[in-house]
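The chain below stands alone and is given as structure tokens, in the form predicted on its own.
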């Protein structure tokens, strides 16, 4: 029964992705209205606007990736060589904060620090490639540091002892010990960050500053909501899809993309000590860069019209919509992910590892298709039949629920496979199945990764701006959309208060859900303590 239901889920997933994509590829009546010859597949390249958008999308993603990786290597190396840095665990935990901070909130923090009235005023120079790079570095440097730091922790201790015996200099240690280990991980992390920058929407929308700094996702949104040009949006969406697939194919040539988890723990390990003063300097600069936008935003919010904003009914209506979208999307992700992972775990238990991988990959493959591309396909498909803006909340819930599925697969997958391997035979011998198995076996043992998955998808959906910006209206505005509207109207004091409210809402919801679902159980899947079993 599990396998049959999993096949049905796969079919529905493919239907939800492929039907909107098909509406893009077969929108001939729209494409025929374009000024260039649609029989030529590369006719769009003759249009200056298309070339500019494609070039800038690739350029900003490449530059963001290069700078993020370069800085992250230096900072991660500083953390590795200064293993006893005070409050090390707290700081690395802080570096995980950008994973759950909504992009539009971080943007406001960047403006608070580097805007015209900021601590480091860049003025109009902030908007464009400069602002986009600053925002991407804010998100990607902490992520890359947390993904690269384990490389140093995994270097065998004898390598450092041998290096010390030979009297290796700092440069020689880097060349002969650290770089050979690091270069195996760098391609995967680089591709991951490139894909995040390539599909960045809120950052470019708010800090782009004009047509010269427009990416494909923003151009799709502008074509549908401002230019009212569905044909152009279709072509841009197709181009975005093709580029995403090409990037995924390129990624397949490199090492496996690392699993990114919100609670990624970094354990220190003794490595060769470098220049502590220099390491301390790099760490402090990184801390200031990550913390300053959040601190500046908090200060601006404290000075802003707090009572006026909190007394506005639109804020609480937007908060209700955000919470509804977050909880509903997370529920969809968890239900679909549980079905697929149950089938995968059962296949793995029976020794059919190939089919087990198929079930897991079917849940992760949706990440190849950018959410805005799916949204564009639904916009084109449904606009002929219904008023899509009346169905905005439902559409946003479905898209965020499907797009949250890969995070559930990554967070819950390994624990569920291990749990099935350990207790499948026991359940079969006691004839425990269905709800009774979930209640007595699965939930007590899997509640921690389950709580993390649910909390993570909820927080991400609550802070998402991309899909709701495409379908949302003033009547269905969520907190991110309300914040963007205040930013667009240059109501910075109100925007600062809303940003802090949104950030607090996401963090509080994440904490309550993870604690509420995970509980205080001491049961650990894969550990020595499995109370009651």
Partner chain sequence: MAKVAEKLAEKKMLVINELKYVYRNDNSYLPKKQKTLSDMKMCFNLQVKEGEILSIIGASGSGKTTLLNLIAGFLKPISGEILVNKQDISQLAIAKRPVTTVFQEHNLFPHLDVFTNIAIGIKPSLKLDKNEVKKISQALNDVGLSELEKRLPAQLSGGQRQRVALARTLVRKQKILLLDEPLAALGPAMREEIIELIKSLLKKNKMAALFVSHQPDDALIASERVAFIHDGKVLEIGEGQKILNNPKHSLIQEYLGG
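The shown structure was predicted, so the numbers you read here are calculated from the model rather than taken from an experiment. Residue numbers count along the first chain shown, from 1.
This protein has a second form, the form predicted in complex with its partner chain, left out of what is shown; the following refers to that one.
- When its partner chain is considered in the predicted complex, only one residue from 158, 313, 387, 429 comes within 4.5 Å through any heavy atom, namely 158.
- Checked against its partner chain in the predicted complex, the residues 434, 351, 210, 167 give one hit for a heavy atom within 4.5 Å, which is 167.
- Comment: 168-176 is the region of 280-288, 331-339, 168-176, 369-377 lying near its partner chain in the predicted complex, near meaning a non-hydrogen atom within 4.5 Å.
- Here the marked residues 162, 180 and 183 all reach its partner chain in the predicted complex, each with a heavy atom within 4.5 angstroms.
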